[in-house]
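As structure tokens, one chain now follows by itself in the form predicted alone.
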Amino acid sequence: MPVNPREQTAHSAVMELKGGSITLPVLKLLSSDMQRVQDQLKLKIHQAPAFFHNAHIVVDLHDLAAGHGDLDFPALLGLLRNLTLIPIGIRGGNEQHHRAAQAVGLAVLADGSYEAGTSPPARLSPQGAAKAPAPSRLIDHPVRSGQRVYAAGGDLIILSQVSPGAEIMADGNIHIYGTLRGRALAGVKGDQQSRIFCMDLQAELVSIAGHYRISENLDDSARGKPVQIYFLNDSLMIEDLSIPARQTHHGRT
């Protein structure tokens, strides 16, 4: 029986709603003093303005000192938007924070089951055995400018180059068997043990668990070299793997 084109169009799907995983920057508030927050945030953004421009952000209230129930949410939203950040929600805080956040249109996000800076606990199967970690994600082609690649729950392996303007992210380590010219963010859920390895360092930005350095702050002696990048003693360390003695370049975040 012939199908009426109008009926076919009326019943054709025009959208899909799926679960997904999106990594967002997190602003952890330690004080409700909006002037101090603004001053310190300006300094951070000045270090990497392109990275933060129009970035969606979550405000974390877990470590906000007791007695700050009067957090000024309209002022917080105003200063974030003036700095070209786009706040979408909060996590942590008390009931008063939640009501105030919802009153200004922010979502109240569910808390994770682990603290920032540590790895998520292993999930147990019904038999009690630890669940196997997520497999690594393998990319065998160049990551072009404007592309974003994310490896959820595991490592990211790139067998080619990462172009300027591209962004690669992983919950675990990042391995790049080519030139890194874009942005690489490892341990994006807070794992400070994660590392970045690349054969040719020319990055716009590198980050381990939110601690980052931009191109202007990279040691010139490490550029164009095979390196590993890791977090140690509150600093991002860049180790030149082409030197047998493995001399290490220090740089505070």
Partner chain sequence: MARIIVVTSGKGGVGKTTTSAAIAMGLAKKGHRTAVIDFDVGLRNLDLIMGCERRVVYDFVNVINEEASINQALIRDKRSENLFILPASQTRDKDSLTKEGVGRVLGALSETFDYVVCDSPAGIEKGATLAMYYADDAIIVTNPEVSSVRDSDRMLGILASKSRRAETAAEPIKEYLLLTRYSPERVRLGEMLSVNDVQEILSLHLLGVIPDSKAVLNASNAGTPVILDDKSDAGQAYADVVARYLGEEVPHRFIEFQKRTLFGRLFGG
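Numbering follows the first chain given and starts at 1. Values in this document were obtained by computation on a predicted structure and should not be read as measured data.
One more form of this protein, predicted in complex with the partner chain, exists but is not displayed; see below.
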At 4.5 angstroms, heavy atoms only, are Gly146, Gln161 and Pro164 all close to the partner chain in the model of the complex?
yes
Stretch in contact in the model of the complex with the partner chain, which is absent here, among 73 to 81, 99 to 107, 137 to 145, 150 to 158 (heavy atoms within 4.5 Å)
137 to 145
Arg91, heavy atom within 4.5 angstroms of the partner chain in the model of the complex
no
For Arg181, is any heavy atom within 4.5 Å of the partner chain in the model of the complex, or not?
yes
Is Asp60 a contact residue for the partner chain in the model of the complex, using a 4.5 Å heavy atom cut-off?
no
Tell me, yes or no, whether Asp191 is in contact with the partner chain in the model of the complex, where a contact means a heavy atom of each within 4.5 Å.
no
Going through 200 to 221, which residues have a heavy atom within 4.5 Å of the partner chain in the model of the complex? Please give them in sequence order.
Glu204
